[in-house]
Structure formats: structure tokens, C-alpha cells
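For reference, the chain that follows is the form predicted on its own, supplied as C-alpha cells.
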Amino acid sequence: MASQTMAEKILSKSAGKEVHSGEYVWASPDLIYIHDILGPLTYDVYRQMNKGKGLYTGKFVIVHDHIFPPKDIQSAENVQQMKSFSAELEAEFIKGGEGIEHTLLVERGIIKPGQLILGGDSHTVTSGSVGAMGIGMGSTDIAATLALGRNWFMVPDTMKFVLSGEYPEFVTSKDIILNILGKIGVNGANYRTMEFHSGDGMKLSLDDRLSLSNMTVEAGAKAGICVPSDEIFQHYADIGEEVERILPDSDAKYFSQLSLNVGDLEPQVAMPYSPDNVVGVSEVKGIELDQVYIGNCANGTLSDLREAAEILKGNQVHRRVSLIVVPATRNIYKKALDEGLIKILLDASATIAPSTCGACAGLHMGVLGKGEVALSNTNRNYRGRMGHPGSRVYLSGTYVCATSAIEGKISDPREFA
């Protein structure tokens, strides 16, 4: 057998034969999941293609997370339709409030290392946090896979990223991925896999890995995979889940390689209107804000809430700024309560929202009006992403968000007293 990358190994397993980059293969995913916004379209197309039960035999999950609680009649009826769809296909339906799908399915061990996963959402790449290959697909392709039991893929080339060093103060994995996006651009990984390796001195927690893999799609990547560590495999053993230990070969062939010493980084900020329009925070200090939004499918983790509370403890959000905090799952919310983090945030006058995609996707609970400026630890800042096309969104890590909420303007946490 020739040497292989993570993507090549996972697609080989799912296709039932050895495959390499550039080949076209038919493969059956281990897991398919959809949500309450694009799910109804998946259902409509599925019904047109298939009158009975489809040929897909893997796990199928539907998560109510994008508009929770439902904000209008249409969003409520979408959920009703998804409940019916789950019953018809014997899928698991996860009710609203349990969590944002990408974080939640990792947390519950539904997403496992070495799996091929399809999702009706571009941020399905977040599955790569635990060494799975998560691919976002449109509703028609998801419906076709449910009906036919498989789909075709071109095996992507892989770009290797080696991360080394120790985090400077107030620098996190969010800054790593923003810096990489600034280097390679939003088209820099088109239809390729971004594969992350821990080099000398680098230890990546699961929360770090969620943040890294999540934004690979902003570079056009087909998938973003963090090579799983012993700690990741041990996590699954601890929760009683059997997983395959799939790792890249040491002599695997890569399209390119980039090495990054995180010790050289300062906190990063992506300016409107693109996630790759990245500079150090020192270059954009002083921009006044109307809203700060913390929490999404990659950066609503317990680590993020701890970072926010570390800065906000004993301080107050600026009178002009609304601070919205979204724990990514109910379990994260509960742990934050137990640790006293939620009280710190509330005392600082933050608003705590339920687990939802909310304003991150420009849907509800914090959308922006014309001319408003927001700073967020979410993943996209395209024109109109969080509301009015005349609004502006800056992206950063949680430390910068929390500091800026207090100051009322984009601020450097290294200078905050």
C-alpha cells in the first residue's frame, strides 16, 4: 500500500479500496446530519427522488439549532417538518436548545475519528477536530446520498500545516487559523484538505481543534483535519466509544507544507469584508463598536467562556455596546454555570443566549442594523453576514472580543489593565 494522508485513508475506508488524490470514487459516509434551515429542502428533494426508504444505512441525525427558539411561523413549521422527516427515515432528531450541531455531535461522541461525514452545512468541516473528514454538501447532494446510499468524490490534495511553539498571552487557536487565512487567502485551499500537525512544543486541546478545523472552509477547503493525538483517542475510550486509529503516514505526499510558530503571533483581527483580510490587533485599535458577539459552532466552548470571564470579571460592558454570549451546547452552559462563569458575564451586563446559530448566520437574536459595527469570535464577516449589508463585522479571538466590549472599541488585551 502506498503512503497516504488522512483524507486518502478515510476515503479509502469508505470506498472499500485504496485511493489517492486526484482519483474519483464512490463512497458511503458513516454519518449524515442536517439542520432546520436547509433540512426542509433536503426533504423536498428526497421525496422527489425516492418514494420509499432510501439505500443509506449509516447514521442520520437532524439537529434543531439554527433558529432556536423559532422566531416566526416559518421557522416553527420547518422544525415540524424535520420531526416528520426523522420519523420517516428513523433518524435521530435532537431538539432545540441542546446545542449547535457541529459542537454538539463532537461533544456527544456521535462524530468519531476516522469517519467520513456529510453535513448540509459548510461548517461540517468542524468534524475534523477529532480526526474525521467532514464535508459540507448542498441539500440536493445530501438527499441523493440518503436515497442512493453513497455519493461520488474526487480525492482532494492535502496541504500540511505544522504548528509549533507555545501560545503567547491572549493568543489562541483562533488567532492561528486567522493568521493562516491571512497568508493563504479565501481561495488558498480550494477543494483541498487542510491537515494540521502538532510540532515541537504545541499542545492542542479539543477546543483548539474545533476552532482550527471550523474555519478551513473559509479558505475553500473540502475538509480540515487535525491529526488526532493520544488524548483524543483516550477521550473516546473514556466515554465508551470504540474508534479507528487512523493517522497519516510519515512519508505521505502533500500538495504543500506551511510551518507556523505560534510564539510569533499577536492577537489577530479579520477586517470587513473577508475572513482573510487579517491584521494584528495593534493595527485596528480604536474602531468603535455597537455589538460584541461571542459564541458559535467553534468558539462557544467552555474555553471561550473562561477567556471571556477572565477579562470581564469585575468590569462592565461599555454603555454603548451590547455583548451577546452564546454557549455552544447545553452541557457547556451547565459547566459554565457550575464554574461561576455565567454569573461573571451577567454581572458585567452581558446577555446570555441559548445555544443557537442566531446572529452568526444573520438569522435572529442579534442581527445588525445599517451602519452598525460588530466584533465577533464567529467565522464569517462577509457583507450582510450578520444583518444589514451596510453593517460591518470584525472577527477576532475571545480575549479581544471581551476586552473590546469593555472599552467600547477594538482593543488589545495585552494593554488592558
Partner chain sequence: MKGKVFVFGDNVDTDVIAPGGYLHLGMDQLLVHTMEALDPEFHKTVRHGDIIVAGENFGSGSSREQAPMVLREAGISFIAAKSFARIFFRNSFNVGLPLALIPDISAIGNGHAVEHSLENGYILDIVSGKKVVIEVPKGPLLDILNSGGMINFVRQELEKIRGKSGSG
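Residue numbers count along the first chain shown, from 1. Keep in mind that what you see is a predicted model, and the values were worked out from it rather than measured.
Keep in mind that the form predicted in complex with its partner chain is not shown, yet the notes after this line are about it.
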Task: Met137, Asp141 and Pro389 all contacting its partner chain in the model of the complex, non-hydrogen atom within 4.5 Å - done: yes
Open item on the list: Looking at 86-94, 316-324, 73-81, 173-181, which stretch has residues with any non-hydrogen atom within 4.5 Å of its partner chain in the model of the complex?
Closed with: 73-81
Task: Selected contact from Ser122, Ser205, Ser198, Ser256, since only one has a non-hydrogen atom within 4.5 angstroms of its partner chain in the model of the complex - done: Ser122
Task: Ile311, heavy atom within 4.5 angstroms of its partner chain in the model of the complex - done: no
TODO: Examine Gly366 and determine whether its closest non-hydrogen atom to its partner chain in the model of the complex is within 4.5 angstroms.
DONE: no
Task: Contact label in the model of the complex: Ser229 to its partner chain, heavy atom within 4.5 Å - done: no
- [ ] Find out whether any non-hydrogen atom of Arg209 is located within 4.5 angstroms of its partner chain in the model of the complex, and reply yes or no.
- [x] no
Task: Any residue of 306-343 that, in the model of the complex, places a heavy atom within 4.5 Å of its partner chain - done: none
